[in-house]
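A lone chain, given as structure tokens: the form predicted on its own.
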Amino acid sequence: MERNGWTPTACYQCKAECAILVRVEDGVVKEIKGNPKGRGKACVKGMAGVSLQYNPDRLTHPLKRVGKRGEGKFERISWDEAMDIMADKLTDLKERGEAHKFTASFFPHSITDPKWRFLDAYGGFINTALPHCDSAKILSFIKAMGGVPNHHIPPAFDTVPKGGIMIMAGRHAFGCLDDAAVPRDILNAKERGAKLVVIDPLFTADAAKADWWIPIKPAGDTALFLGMINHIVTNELYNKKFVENWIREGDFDKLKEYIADKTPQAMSVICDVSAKNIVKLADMCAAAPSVGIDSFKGIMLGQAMDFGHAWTMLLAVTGNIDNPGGQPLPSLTPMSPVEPIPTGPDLSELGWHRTGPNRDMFDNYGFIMEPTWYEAQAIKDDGLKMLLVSECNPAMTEMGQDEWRKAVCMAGEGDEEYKLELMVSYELMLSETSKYADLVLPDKSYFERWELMYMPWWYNFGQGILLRQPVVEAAGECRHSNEVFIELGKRLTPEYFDFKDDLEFYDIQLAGLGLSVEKLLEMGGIWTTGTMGFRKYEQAGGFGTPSGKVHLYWEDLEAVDQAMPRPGLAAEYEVDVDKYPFILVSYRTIFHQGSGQWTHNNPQLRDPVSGMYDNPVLINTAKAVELGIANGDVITLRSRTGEVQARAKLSERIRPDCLGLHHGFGSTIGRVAVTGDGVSDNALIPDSGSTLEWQDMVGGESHVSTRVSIV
């Protein structure tokens, strides 16, 4: 491959996967910018992709473990040997009748991705960090409005009218966790006369651009929204037409009865927002031509399912569902099925969090895939025997990360060295997770591979299809994980992989639209209907719920007292308050994406001037003075389960009862990462498998906060 000039493809410095243009000279990536045909923006992470591509730590050949797990000792092997090891292990597991004890942890670009197809055909499960961020939101939307699950459905900020309200609740959109065009769309909406309200214990970059910052108490979001609903409903400020026509019969009466005592005054005590301000925000929302709410991708502050429920209720009573500036409902891009279609195993019967000792608790919730946060417990329970991770870093992503590391190293029985019999890490470069792998496989970068993204399993819902194409040759012996899963499929389940390669697979999927990879390339790699459409439920004869209307009352959660949203703070915030007086909250910036090696080992993004070198502990200035802490002092944070030392950064931009720590730092691998400072906030978070009543039984909360003390 010898390209020169600008080529359209898709970024992958974070999960937003924005459409970009890449300038190549003599086979070398030189420059990256947003693609005008696909929203037209790239963020600093995306533009720093050149440094990722030519990072000297790139893996270029397969590795096999030669030491103990965790030692990080490997030897070079061939791809044939690596494939034989995986195929033999997977064959043995399936012949034992335990195929469901294999999971692959990755970001699903689409629900018919080749990796997902192999898992369905083989009998294993997809495993992802989705329950860490959007699961409660997804489940809330499905329960209330029906329809297809979508990884992230932000408001269509580019459609917000004059006078519209944009609410960011614990959401750091200016950290580019949607797509790079979102900040522009928000600022353009403000230019049109829309208002931005940021609800967050931190004064974020979003808050700096906001018309109103509300420094809420962590986990107070549900109470705040219930107080607003109380004011809107009791004063008959709700959208009567939508309520009468589109809310299920009887549900609005149940809502009125439930929120009767959820007054702004009563909810103010919980969320630490004055009753006056709760009323003010409620009046703004009731009078506005649109209200859009975004949350669950920056800080998740408490009972995630409850908040998702309350937030959906507010949208419903104000008529802001599938309207310009409100909450859009995605449409599934009509891709052709690749026949025959494999049927995956029944998650509710065989999934490892459904068969372990906590099955009865999990059965209350409709998790749509295996949650990453239960991996450690599944290994201990013998429910997880083989794990392949790709594009993720569970050794640093997981709550109680030390428990995950201990679990993958637990001794096995009989001939097996470990309880987790096979651990495979698919990487661009070595990561904290790869230290625990039996095989480390070299992935192609997003500049070197083909991939097809389409709705609904994708952030950029305004674009129906986006094609990622290689713009440079792959380094060394790198192979994209999709290629490897297709080869495994041809070996183990050939009846479902009767196609040549990934390109033929994509051609079959595109055929129903009269497209092919070649035609899509001629179109610039993007296909879109040109509009997302609004109030689609009117033409479709209703919503995707059993009644065809919005469901405010959830009968299936009556047994766990969540048929209506609970206003209280997260349970863990109410325990040992005197011993651990601060609530530690995670925050995000534009420079880094989670715990991934792609940004933390990027010299441009870790540069102390142009990027983010470390993650100091944010502490309120007045509180620091009270404790005798000066700016730059190294302080120790201690939680119930761990402690870390980090530099203090005094700031007026955080509540006095909170501390802030950027998520994702603390890697001990990679020449860039280890030269920068930083600590992992997950070292302070209790292991989710041992604290189900705090973390997991609220509908898939992303637990990135906990109580701590300063020692």
Partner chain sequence: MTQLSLMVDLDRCIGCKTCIVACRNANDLTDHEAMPGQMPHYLRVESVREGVFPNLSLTSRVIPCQHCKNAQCIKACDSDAITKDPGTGIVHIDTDKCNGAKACMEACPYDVIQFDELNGHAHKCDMCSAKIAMGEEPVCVESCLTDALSFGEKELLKQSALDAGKEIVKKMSAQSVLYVRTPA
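Not measured: the values here are computed from a predicted model. Numbering follows the first chain given and starts at 1.
The form predicted in complex with the partner chain is left out here; the points below concern that form.
Trainee: Heavy atom within 4.5 Å of the partner chain in the predicted bound form: which of Ala648, Ala42, Val679, Leu59?
Mentor: Selected option: Ala42.
Trainee: Just to confirm, with a 4.5 Å cut-off on non-hydrogen atoms, which of Phe203, Tyr580, Tyr418, Phe252 contacts the partner chain in the predicted bound form?
Mentor: Among Phe203, Tyr580, Tyr418, Phe252, a heavy atom within 4.5 Å of the partner chain in the predicted bound form occurs only for Phe203.
Trainee: Name the stretch: of 480-488, 213-221, 378-386, 429-437, exactly one has residues whose heavy atoms fall within 4.5 Å of the partner chain in the predicted bound form.
Mentor: In short, 213-221.
Trainee: Give a yes/no on whether Ile635 approaches the partner chain to within 4.5 Å in the predicted bound form, heavy atoms considered.
Mentor: Ile635 lies outside the contact set for the partner chain.
Trainee: Against the partner chain in the predicted bound form, would Lys33 count as a contact residue? Criterion: heavy atoms within 4.5 Å.
Mentor: Yes, Lys33 sits close enough to the partner chain in the predicted bound form that at least one of its heavy atoms falls within 4.5 Å.
Trainee: Would Ile590 count as touching the partner chain in the predicted bound form under a 4.5 Å heavy atom rule?
Mentor: Ile590: contacts the partner chain in the predicted bound form.
Trainee: Find out whether any non-hydrogen atom of Val672 is located within 4.5 angstroms of the partner chain in the predicted bound form, and reply yes or no.
Mentor: Contact check for Val672: yes, within 4.5 Å of the partner chain in the predicted bound form.
Trainee: If we check the partner chain in the predicted bound form, which of the residues in 647-663 reach within 4.5 angstroms of it by a non-hydrogen atom?
Mentor: Residues within 4.5 Å: Ser651, Glu652, Arg653, Ile654, Arg655, Pro656.
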